[in-house]
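Just the one chain here, the form predicted on its own, laid out as structure tokens.
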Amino acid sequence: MARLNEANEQLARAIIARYPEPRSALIPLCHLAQEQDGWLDEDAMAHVAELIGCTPAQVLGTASFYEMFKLHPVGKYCINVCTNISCQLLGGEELLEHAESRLGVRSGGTTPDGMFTLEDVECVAACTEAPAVQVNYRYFHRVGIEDFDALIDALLAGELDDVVPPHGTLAKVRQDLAADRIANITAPEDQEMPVWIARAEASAGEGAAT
């Protein structure tokens, strides 16, 4: 499946309604499409473009900028092994080499069963907890060789399903806002001048007059 299904299209329209400009919902809708299928394909991006009133190329231009959006199929679990300086000094390179051996794929590859995609990544901002590993962007700290093997075993056994959802899922609880709780969605060109700006301009005008 590539285009948003009926339920997700309704959700997409609810998300769009939270913004004064439909295009502002581009990134949330890309996340929604990726949650549905685990990655973003061309049909999904075309559907997002239709919903927010832009071109598929503009959706691709944004999605391709962010590493979290995958433009090709990936495994159920996307494993990121950090090899930047702190992690490298504490065994990140050796951990990545072991991960390649354990999973039977090189960095950037996906296991034949579609369970794991392995990636060598730059700093994941957990330098004090090196070596750091992410699984679907959930952190695992101070991971050694045995820890990594235990992590893979636990994922395969389904023991971490409550901790690590399938790739593409950002949160287990989705934000739900009633219409009367949505923040100001007046189009920018129709908005009144903010009070603090009007007050500052008035004050500046008074100062100039004196």
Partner chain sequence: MNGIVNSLGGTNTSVAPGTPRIVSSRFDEPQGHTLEGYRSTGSYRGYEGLRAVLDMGPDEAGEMVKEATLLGRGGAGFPAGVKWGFCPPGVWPRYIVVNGDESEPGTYKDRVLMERDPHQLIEGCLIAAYAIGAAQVFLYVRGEMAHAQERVAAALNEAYEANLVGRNILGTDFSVDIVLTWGAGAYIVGEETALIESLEGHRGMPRLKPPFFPAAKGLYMRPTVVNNVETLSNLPWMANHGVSEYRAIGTENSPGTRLIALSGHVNSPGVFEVPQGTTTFRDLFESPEFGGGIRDGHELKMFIPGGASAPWFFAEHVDLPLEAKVVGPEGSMLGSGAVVVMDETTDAVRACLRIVRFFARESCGKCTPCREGTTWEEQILTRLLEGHGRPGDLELLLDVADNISPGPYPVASDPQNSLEAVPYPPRQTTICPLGPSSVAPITSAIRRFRSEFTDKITRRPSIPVGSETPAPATAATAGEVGHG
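Worth saying up front: this structure is predicted, and the values here are computed from it rather than measured. Positions refer to the first chain, counted from 1.
Unshown form predicted together with its partner chain; subsequent notes refer to it.
F140 belongs to the set of residues with a heavy atom inside 4.5 Å of its partner chain in the predicted bound form. For the chain shown alone, D161 is not a contact residue for its partner chain in the predicted bound form, no non-hydrogen atom being within 4.5 angstroms.
Proximity of D147 to its partner chain in the predicted bound form falls within the 4.5 Å heavy atom cutoff. Among heavy atoms of M115, none comes within 4.5 Å of its partner chain in the predicted bound form. Scanning 53-91 for heavy atoms within 4.5 Å of its partner chain in the predicted bound form gives G61, T62, S64, F65, Y66, E67, M68, F69, K70, H72, P73, V74, T83, N84, I85, S86, Q88, L89, L90 in sequence order.
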